[in-house]
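The form predicted on its own is given below as one chain in structure tokens.
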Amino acid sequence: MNLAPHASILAIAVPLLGGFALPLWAKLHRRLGELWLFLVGAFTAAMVVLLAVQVFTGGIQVYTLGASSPGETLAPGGFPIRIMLVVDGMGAFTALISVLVALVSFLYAWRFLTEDHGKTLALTLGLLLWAGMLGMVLTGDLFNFFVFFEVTSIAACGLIGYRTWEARGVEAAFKTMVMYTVGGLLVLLAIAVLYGEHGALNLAYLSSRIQGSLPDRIALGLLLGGLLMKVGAVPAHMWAPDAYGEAPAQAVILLVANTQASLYGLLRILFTLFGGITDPVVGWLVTGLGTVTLVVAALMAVIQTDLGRLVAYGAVSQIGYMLLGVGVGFTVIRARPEYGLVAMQGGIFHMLNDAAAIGLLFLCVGAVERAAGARDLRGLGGLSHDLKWTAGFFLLGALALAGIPPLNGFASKFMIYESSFRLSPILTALATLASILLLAVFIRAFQGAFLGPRGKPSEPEPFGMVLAMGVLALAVLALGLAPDFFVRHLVAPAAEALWQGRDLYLAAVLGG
């Protein structure tokens, strides 16, 4: 059987069904559960990679559920009534990020968690979260985007608070649930407004009908509000440091990928759904929120003494850089200057770089907590004597996060600096200062946790944890040493799909 035409639907269905089946296999035998997780993860990754190859070599891929053939798009009357999966360069790029993060998360959890600490539950929720993320980035239907949006919200809150024996995790999950619920309600209300106005839910069809009426603009505002909440932009960022700081390490990197899936949704709304009525005011709003986010988060990181929360604020600050890059691009998209496309590429490239660097740092935090039983920098020190790999990986991730060449953070940040300077030098100055501040903060954290005299002896990291961290460390180095390769083959197609690919997206679904 040829699975290639069905890669998009299989990429969603397999982890979704696999997540529900995992507890059953684990109940029979622990090894069966681990084997099932490996098979589901490998098959899903293969389907996403296959889909990405199809997109990057053959263009936009459309899959219509319930049609006589997967590529059929329209009903006889010319109206798209069926559920469609529509994957362009941006969707494929975001799906590949989720694959990298999910596989590393599962590998790390294999040795980080035990059944006494909810291993099967955590892995089940992880699979469901992965399926929800893939559904968000592959769907071409606005209502099903909301459905998967809610799937990720439920699974993410479960991952944050499943350790009910720790009160802080439950509290963080409740805060996150409140913010996700408000954001979800805003998105649902926006969908209702658009459906009432245009009588459709298909993204391409809606985009062809939106003319910028008052209901359209109300829906845009609601969608922006709901998605920015889940992205974690200031001032709706308060859930993110708690969630990232209290969730177990293997779950945090999935939460970071989930945030990026929400950012994908924001980009799809701006550049595709409302791409026909581009408004520089909206671009300036996104640019301003991105700049405020990266500055506020960097300042908040300065006062943190908990290593997990310090890295969490570093993660929030990187969302600001992504918003800054894509915001600059959306602000100038009418004139389409070259620096606008460079800004888009920088913001999108930073999504991949952030997943690698921030993911690496959070895994290091998990290794520190496992070895020392604490994360307070005032009580740590000298861990490099026993956690040599973790110390090296943490330093690598910290330098990458701060944008030190030749690591991956430098490549994407330089693109953002260069392009944002053309729009306003103030934006570049603030972004550069925030990076310098983060460098100082993370060097202090490295010194506090890993340097100094040897304290209580700690058990070295298990091989599985080192391997998971090593995969992300290699990604950091590869992305930094060969940025042109990744920009040319992955980032540029993703940016082009948003920058000037709206017409191709609509044509792929609606014909013409």
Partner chain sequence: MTGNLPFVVCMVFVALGLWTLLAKRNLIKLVIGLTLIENGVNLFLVALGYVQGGAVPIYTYAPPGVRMVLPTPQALTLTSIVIGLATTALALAFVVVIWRHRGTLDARKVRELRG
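Residue numbers count along the first chain shown, from 1. Just so we're clear, the structure is a prediction, and the values are computed from it rather than from any experiment.
Keep in mind that the form predicted in complex with the partner chain is missing from the display, and what follows is about it.
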Practice task
Check whether residue 109 has any heavy atom within 4.5 Å of a heavy atom of the partner chain in the model of the complex, and answer yes or no.
Solution key: no
Practice task
Indicate whether residue 370 is a 4.5 Å heavy atom neighbour of the partner chain in the model of the complex.
Solution key: no
Handout entry: Contact label in the model of the complex: residue 119 to the partner chain, heavy atom within 4.5 Å
Key = no
Practice task
Using the partner position in the model of the complex, report whether residue 201 sits within 4.5 Å of the partner chain, counting heavy atoms only.
Solution key: yes
Handout entry: Proximity to the partner chain in the model of the complex, single hit among 395, 299, 277, 170 (heavy atom within 4.5 Å)
Key = 170
Fill in the blank from the handout: In this chain shown alone, the residue from 384, 428, 304, 272 with a heavy atom within 4.5 Å of the partner chain in the model of the complex is 304
Practice task
Report the stretch among 361-369, 317-325, 188-196, 404-412 that approaches the partner chain in the model of the complex to within 4.5 Å, counting heavy atoms only.
Solution key: 188-196
Exercise for the section: Could you run down 301-336 and flag each residue that has a heavy atom within 4.5 Å of the partner chain in the model of the complex? Expected result: 304, 309, 313
